[in-house]
Ligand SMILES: Nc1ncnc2c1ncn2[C@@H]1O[C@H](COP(=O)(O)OP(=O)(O)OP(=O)(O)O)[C@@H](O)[C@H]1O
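Take a look at this single chain, the form predicted alone, given in structure tokens.
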Amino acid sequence: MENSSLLELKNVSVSFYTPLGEVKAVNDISYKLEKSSVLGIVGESGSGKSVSAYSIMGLIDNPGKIKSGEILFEGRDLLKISEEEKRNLRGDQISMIFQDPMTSLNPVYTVGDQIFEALATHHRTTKKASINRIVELLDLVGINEPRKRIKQYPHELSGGMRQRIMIAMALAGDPKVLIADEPTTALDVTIQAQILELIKDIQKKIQMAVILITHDFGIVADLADDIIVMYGGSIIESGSVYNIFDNPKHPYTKGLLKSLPRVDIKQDKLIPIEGTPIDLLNMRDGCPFSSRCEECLKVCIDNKPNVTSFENTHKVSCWLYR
């Protein structure tokens, strides 16, 4: 049967080889991204969220290595194509917005020059002919006076405007998939909301698929169709946004939701998840969350849990549901 998903990861594992040993950053993960949908990937730092995205983009370099698996884009395995094919794919079919726009933009080139470079990489065009398209992109991402902005340098713009420039560059090639890696981390709360609303509006307008990577459940609540929860390089729960928020199964997912501030109930204090994140250098065979889990069973410590499926696409990797 032909694969109908736009993007699919099958049993992908990624490790980094350091002087101290092998860091198992991503462990046998599988997920699908459907056309025109928004997939939220949630987890704390070191859970493997960004590494999985870099694997899709072909950006895993030494000392990192994709050890196993398949990454299928429109049925084609991206791990088996040439470096030239990867470069042609990046920015054209699949684009990415990185965390910090100040370090992602070149300080010595104008905004217009940098968007033009993103355009010219995949489309034969002259700078003069591209001006209208660049202005159109800046207008799409909500930047006022776009003809003035294309002559400015990154340091002349606010953090929010720089992130909008990054989004414009990512959209230059009309991608089918946009990966947003913590797109609001370096921004204040008000600007965060504006950027997220912008991504939501653009996604609906041009019907592209989006992978939204974040450590904040609140961010994906309004944007995502489906959510993946990662911990210690593994997917521990996945399902629709309604499955995850209304009926969380894994103790880690429940802990993340309990740590969120709520406006609908009175809270004297937030409830943190006790313990420290897993050491990826010394991974055990069992559930990665077992050392911090209040519901840990003996079987959890040395045995990796099977995946249990519930209604629709709701899945959890936990021995409590064996």
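Note that this is a predicted model, so its numbers are computed, not measured. Throughout, we count residues from 1 along the sequence that is shown.
Note that the form predicted together with the ligand isn't included here; everything after this is about it.
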item: E295, K315 and L320 all contacting the ligand in the predicted bound form, non-hydrogen atom within 4.5 Å; value: no
item: Interface residue in the predicted bound form among I29, L39, L256, V51, criterion: non-hydrogen atom within 4.5 angstroms of the ligand; value: V51
item: In the predicted bound form, the one of N306, S309, N11, T18 near the ligand [non-hydrogen atom within 4.5 angstroms]; value: T18
item: Contact segment among 284 to 292, 42 to 50, 29 to 37, 65 to 73, judged by heavy atoms lying within 4.5 Å of the ligand in the predicted bound form; value: 42 to 50
item: D100 within 4.5 Å of the ligand in the predicted bound form, heavy atoms; value: no
item: Interface membership of I56, the ligand in the predicted bound form, 4.5 Å heavy atom rule; value: no
item: Residue contact check: D139 to the ligand in the predicted bound form, 4.5 Å heavy atom; value: no
item: Distance check, R133 to the ligand in the predicted bound form, heavy atom within 4.5 Å; value: no
item: Contacts with the ligand in the predicted bound form, stretch 162 to 183 (heavy atom within 4.5 Å); value: E182
